[in-house]
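So this first bit is one chain, no partners, the form predicted on its own, shown in structure tokens.
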């Protein structure tokens, strides 16, 4: 079965946890919804495209940044620039009944290397490659300012790991919980995948995974690509 393998690099990134309201905490790797969002943005898609994802990676360090955040008090607002950089000399004001600000610590990952496998219908993979090669804008993964460099994109064959094959993780990874036994040390997460709008509110489908650090033996039921890279599909 074919998959598109992406090797990505980010100098800094924040994959913000949705309920971290006082401190902008980051996941150690981008959640599936974030990767899915980047791919859908590449394709300029206006509806959900079925796919399976595997997310692995490493980072060198975690940094703290101190940033001013803007909070909107109403759903309907007058116009407001999303980026204020460069507007310091302009007389810009806003209604404090509509917008408030608060300084917050933001967790940033530094020197992030990611390995992503995308399984989808072959014409979708071809479209992703075409979008990468002909894009006229920069790529982001996480926040808009979390720039990403695509170091490699390659179609690879993926097969299930044989029972007698023993491999260890070369990178940290999200592994679905049902593949992990009790002895494997992991940090549990419920990661967003896709959503439906119910009464005007997004209802997210969650994926139960364990965040497993490199050096651990790969569990049974995982996959491997033609170059020996492990694959942990989330579905």
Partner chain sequence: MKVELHMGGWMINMGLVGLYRVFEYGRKHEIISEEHKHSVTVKPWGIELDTEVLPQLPRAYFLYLLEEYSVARRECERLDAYIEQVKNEEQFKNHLTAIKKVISDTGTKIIKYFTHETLESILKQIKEIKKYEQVHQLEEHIRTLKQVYSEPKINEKLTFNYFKHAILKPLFFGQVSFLNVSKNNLDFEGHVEEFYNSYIFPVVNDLYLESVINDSHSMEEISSLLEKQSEYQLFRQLKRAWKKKTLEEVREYVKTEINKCLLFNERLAFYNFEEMVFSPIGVAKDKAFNFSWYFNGEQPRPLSSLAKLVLLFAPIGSTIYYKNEGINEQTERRLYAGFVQTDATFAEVLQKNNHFRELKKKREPFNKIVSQLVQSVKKESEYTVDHLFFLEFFSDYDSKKTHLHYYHLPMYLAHYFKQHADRLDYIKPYDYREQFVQSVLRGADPIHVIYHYLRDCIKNERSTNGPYIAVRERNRILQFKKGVRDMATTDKRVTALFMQGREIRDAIIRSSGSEKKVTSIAYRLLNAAKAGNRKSFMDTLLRIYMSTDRPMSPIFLNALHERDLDFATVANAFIAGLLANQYKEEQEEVQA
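Numbering follows the first chain given and starts at 1. On a predicted model such as this, the values are computed, not experimentally measured, just so you know.
Although it is not shown, the form predicted in complex with the partner chain is what the next lines describe.
Student: Since the partner isn't included here, can you check whether the partner chain sits close to all of 186, 198 and 202 in the predicted bound form (heavy atom within 4.5 Å for each)?
Tutor: Every residue of the candidate spot has a heavy atom within 4.5 Å of the partner chain in the predicted bound form.
Student: Do residue 96 and the partner chain come within 4.5 Å of each other in the predicted bound form, heavy atoms counted?
Tutor: Heavy-atom contact with the partner chain at 4.5 Å: absent for residue 96.
Student: I'd like to check something about residue 70: if you look in the predicted bound form, is any of its heavy atoms closer than or equal to 4.5 Å to a heavy atom of the partner chain?
Tutor: So residue 70 counts as contacting the partner chain.
Student: Does the partner chain get within 4.5 angstroms of any non-hydrogen atom of residue 62 in the predicted bound form?
Tutor: Yes - in the predicted bound form, heavy atoms of residue 62 and the partner chain come within 4.5 Å of each other.
Student: Using heavy atoms and a 4.5 Å limit, would one call residue 58 a contact residue for the partner chain in the predicted bound form?
Tutor: Outside the cut-off, so no.
Student: Mind telling me which stretch in 45-53, 30-38, 189-197, 163-171 gets its heavy atoms within 4.5 Å of the partner chain in the predicted bound form?
Tutor: Within 4.5 Å of the partner lies stretch 189-197.
Student: Pick from 129, 102, 155, 150: which has a non-hydrogen atom within 4.5 Å of the partner chain in the predicted bound form?
Tutor: It is 102 that has a heavy atom within 4.5 Å of the partner.
Student: What residues in 22-42 sit within 4.5 Å of the partner chain in the predicted bound form, counting heavy atoms only?
Tutor: Sequence-ordered list: 22, 23, 25, 26.
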